[in-house]
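Only one chain is shown below, in structure tokens, and it's the form predicted on its own.
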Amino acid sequence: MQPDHRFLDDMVDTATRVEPARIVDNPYAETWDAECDVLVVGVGMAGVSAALRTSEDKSIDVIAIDRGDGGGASKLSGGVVYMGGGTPSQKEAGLEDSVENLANYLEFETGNIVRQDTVRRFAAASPKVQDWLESYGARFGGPATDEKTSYPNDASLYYSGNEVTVPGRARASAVQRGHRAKPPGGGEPTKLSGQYLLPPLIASMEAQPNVRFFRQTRATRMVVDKDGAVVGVEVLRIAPGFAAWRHAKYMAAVNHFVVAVLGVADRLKGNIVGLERKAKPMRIRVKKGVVLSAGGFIYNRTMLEKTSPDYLGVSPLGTIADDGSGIKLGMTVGAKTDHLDRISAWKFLYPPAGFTKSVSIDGNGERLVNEEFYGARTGEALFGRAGGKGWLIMDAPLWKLVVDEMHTMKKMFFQKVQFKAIENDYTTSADTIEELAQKIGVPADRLARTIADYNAAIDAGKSDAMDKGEKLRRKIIEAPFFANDIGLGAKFSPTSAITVGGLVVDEDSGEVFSSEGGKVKGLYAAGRTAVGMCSHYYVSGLSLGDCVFSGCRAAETIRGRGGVDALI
């Protein structure tokens, strides 16, 4: 076993240090504080799926640990699970979909990051995911909406990706597949739906007789035998009581949107780390396997600076436990990593839906992206080609349409903050395109040419140069003209991001590959700790969908049922 030091040596966050693996000659001769068949590290969507699916075999003893209270980034998310192929919710809404149709579309989003047969297996399992999640307390359903939105406030089933775009329709018929979790017992959702999705799943996990859940517990070191097989994990656990209560409160506060905006998160992080340093060390013996499902590393600034320095200004999406510790634990036992430089950054251009009719430009005044694409493609264009600079160009009637929509639509808190900033702080106007260009600092001749070419193509009946849908194209001709800043510097209209690279796993089993060839015996990875379905292009719900799939895949392998057939 050779630890992967390519990133590990100079990416150790001293506040959440991962130690080199401990090698033991004879695991049976060691002293252990707890023992289990399977240890799940990190209880977000991937971890809870792995634990629940494994626990269905009552002969297997499971311990699940989480640095916080459980839920992770998944609990703070929009709670959208990408499912299709004929789910109960789709059928109830009268929507026709098929496994083949779903797979054809997903091949457009996943590219070559995962194998084609993996995409097909994901699609084959997808119609059964809703029933499985609902058997553990989650709730989905209608109504469906045709509205162009990044997050529906009045619907629970929507187009959460690029299904209705020209390239999307060229590959598959457009069907709503973003399933937003609903409040238990019905009622109108008032929170981001991750808070409806994860709590019932975690409660169901804790209710299983063969599962123990250790909160406020952080994995610090892998334990392997002399052949390199994983046989245990060392952790720090804050015992239930006042210290654990304080830790949970600090964790909840530090991950809150308002705390991030006010810039007081670092002080809270210090309190969290201080409590963790006083935690009790434990050694957990593991007989069958460890599932690393501790999220990505978007909160690890050192790691992000090494892999993707252009993204240091993004707004991290997740929790401070998304510090790369799961990935680094794998590295200490020689695990292979890939795509650590791949970041999915979202810049949602809708709602308001009127923004899709604008013209997006970069810092040179050139066309930036198809404005109806899902926000992850906008984010990639901003960072990959535009250096984080971009604007939406509108004329007077279009800006009025946008403002009217912002004022009249039903809004959640974060949307109220964002829309107010868009209208008052991040939009510039001028009587001519050339004057507007001067105000925002882009070449006037290039911007004028970009708008002229856009208008001319509409007049000539030509297809859009970036395949924008015909119903969203309108000429930009009536003064005054407006430029809405969609660049990285818009603090109250942030560009959120997650990391999507990680440990490389066998796509049939979920076992982690070794950087030296072969596999790390006894080690599995799932969710954003691993390379997965959403590691090419992200669309809303695909990460949570992959968390369920990859978590269950690892569980099925551990159970001896063949991970390749997870949930099918």
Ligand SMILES: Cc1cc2nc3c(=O)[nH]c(=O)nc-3n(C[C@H](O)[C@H](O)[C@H](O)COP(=O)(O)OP(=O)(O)OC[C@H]3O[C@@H](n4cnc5c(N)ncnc54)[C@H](O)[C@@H]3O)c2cc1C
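Residue positions are given as counts along the sequence shown, with the first one as 1. Note that the coordinates shown come from a computational prediction; the quantities given were computed from them, not determined experimentally.
Missing here is the form predicted together with the named molecule; even so, the following discussion is about that form.
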request  = Counting non-hydrogen atoms within 4.5 angstroms of the named molecule in the predicted complex, say which of Ala321, Leu382, Val286, Ile393 makes the cut.
outcome  = Ala321
ask   = Of Gly71, Gly232, Gly161, Gly168, which residue is found within 4.5 angstroms of the named molecule in the predicted complex when only non-hydrogen atoms are counted?
value = Gly71
Proximity to the named molecule in the predicted complex (heavy atom, within 4.5 Å), stretch among 313 to 321, 455 to 463, 95 to 103, 429 to 437 = 313 to 321
message = Taking the named molecule as it sits in the predicted complex, is Gly84 near enough to touch it, meaning that at least one heavy atom pair lies within 4.5 angstroms?
response = no
ask   = Does the named molecule get within 4.5 angstroms of any non-hydrogen atom of Ala50 in the predicted complex?
value = no
query = Taking heavy atoms and a 4.5 Å cut-off, does Gln90 contact the named molecule in the predicted complex?
reply = no
query = Using heavy atoms and a 4.5 Å limit, would one call Ser293 a contact residue for the named molecule in the predicted complex?
reply = yes
query = Considering only 60 to 86, what residues come within 4.5 Å of the named molecule in the predicted complex, judged by heavy atoms?
reply = Ile65, Asp66, Arg67, Gly68, Gly70, Gly71, Gly72, Ala73, Ser74, Leu76, Ser77, Gly78, Gly79, Val80
